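Next up: just one chain, as structure tokens, the form predicted on its own.
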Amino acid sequence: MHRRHFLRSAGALAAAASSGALLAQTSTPTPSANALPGQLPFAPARPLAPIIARADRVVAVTVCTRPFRAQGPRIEAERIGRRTVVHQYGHGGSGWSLSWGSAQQAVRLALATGETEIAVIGCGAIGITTARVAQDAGLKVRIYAKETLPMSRSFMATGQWTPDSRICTAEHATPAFEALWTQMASASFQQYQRFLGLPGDPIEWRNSYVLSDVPFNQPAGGGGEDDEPDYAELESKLLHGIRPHGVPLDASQHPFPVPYASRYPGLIFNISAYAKMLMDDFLQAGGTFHAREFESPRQFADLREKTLINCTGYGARALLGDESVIPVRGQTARLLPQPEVDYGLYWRGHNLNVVPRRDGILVQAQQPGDYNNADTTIDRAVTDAAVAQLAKLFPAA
């Protein structure tokens, strides 16, 4: 998750805070100036439950590498020997978020070959979703991968709808790419609305709070991503009104010991439940899985299918020798679940991100040097420091 995404998501706050002062809101929410007709900001129905943030409550720490490409994801067909390979990888921090719309683009290329049976290489967020879109298009699908969810890198994602997180650099956000991205983001968002309310709550709307020690129109400092490139900021520019806007809060409207805060709604992926749903749906639709690891594209010739969709994510760097795929290291931790905690947090200047997932409260802090870093060694000190920082927001817990 890129910290600038949070500031864009709280766009209403940024506008309100531009004069250096926050707007107060009455107990009855009023529409945002930018809200769609009939659209109201999400309001908490009860006081916020405190997060119990202690190192002894950490139940898991994971590290993954996001597959970032400065040009954006590679979605194109290529002939390799006697096979048509549709490449579908390099989505940065937007894999889950763009998966359905991106899959539609890749499956369209696969359908153009006229084949009725295809192979999908890889079983992360992009692979399993592409397989499901292909099945819905009437194709018979076999997945080849070293491992399935929940063992793939995608299972370690933060679980937030962030469709422009590390999707491309600003210089590569051409009009053509912006049009493609808008199609992918809109299609994915619409699909996620269909998953709301399903058993296990695979997708949910949750409130999140952006916190700051200084006015929002002032730089907060303390970020862990100063060595990263200037990423394209697309959601605020191209997806007007696709989700409710954030609203500024005064000190009486939140319990946090900071002077500035805003609340905004966001989509959360409960990845455990969501991944299980996708895998079950794939198998029930007649899909099959074959455990296999590929070391060279020459091995594609061994497969029975003539059309393949390559969804290997960061693995494409080694498999294809594609050095345009840049690893961006990300370490997250999960605290013991607290069902009563139904909100997320982002603390500006402290580089702290908290996601209220059903399988535990996810805590993330991006570190300097994570960009172009393929090291997946866990640094427990980073997790303990992030949890200790979170505890400062709940001194009485």
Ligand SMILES: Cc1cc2nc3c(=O)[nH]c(=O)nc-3n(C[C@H](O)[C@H](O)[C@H](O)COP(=O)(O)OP(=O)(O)OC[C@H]3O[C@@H](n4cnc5c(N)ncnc54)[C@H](O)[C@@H]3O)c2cc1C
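Start at 1 with the first residue shown and count on from there. Fair warning: this is a prediction, and the values are worked out from it, not measured in the lab.
Although it is not shown, the form predicted together with this ligand is what the next lines describe.
* Asked: Using heavy atoms and a 4.5 Å limit, would one call Ser152 a contact residue for this ligand in the predicted bound form?
  -> Yes, contact at 4.5 Å.
* Should Gly124 be classed as touching this ligand in the predicted bound form when contacts are defined as heavy atoms within 4.5 Å? -> Contact check for Gly124: yes, within 4.5 Å of this ligand in the predicted bound form.
* Asked: Might Ser102 be said to contact this ligand in the predicted bound form, defining contact as any heavy atom within 4.5 Å?
  -> Taking the distances in the predicted bound form, the answer for Ser102 is no, it never comes within 4.5 Å of this ligand.
* To do: Give a yes/no on whether Tyr209 approaches this ligand to within 4.5 Å in the predicted bound form, heavy atoms considered.
  => Answer no; every heavy atom of Tyr209 is more than 4.5 Å from this ligand in the predicted bound form.
* Looking at 175 to 183, 309 to 317, 197 to 205, 235 to 243, which one sits within 4.5 Å of this ligand in the predicted bound form if you count heavy atoms only? -> Stretch with heavy atoms near the partner: 309 to 317.
* **Within 4.5 Å of this ligand in the predicted bound form, all of Gly92, Arg292 and Gly330 (non-hydrogen atom)** => All three within 4.5 Å in the predicted bound form.
* Report the residue, out of Lys146, Arg108, Lys276, Lys140, that has at least one non-hydrogen atom within 4.5 angstroms of this ligand in the predicted bound form. => Looking at the other structure, the residue within range turns out to be Lys146.
* To do: Answer with one of Ala53, Val61, Ala70, Cys64: the residue that has a non-hydrogen atom within 4.5 Å of this ligand in the predicted bound form.
  => The option sitting close enough to the partner is Cys64.
* Sequence-ordered residues of 152 to 169 touching this ligand in the predicted bound form, heavy atom within 4.5 Å -> Those in contact are Ser152, Arg153, Ser154, Met156, Ala157, Thr158, Gly159, Gln160, Thr162.
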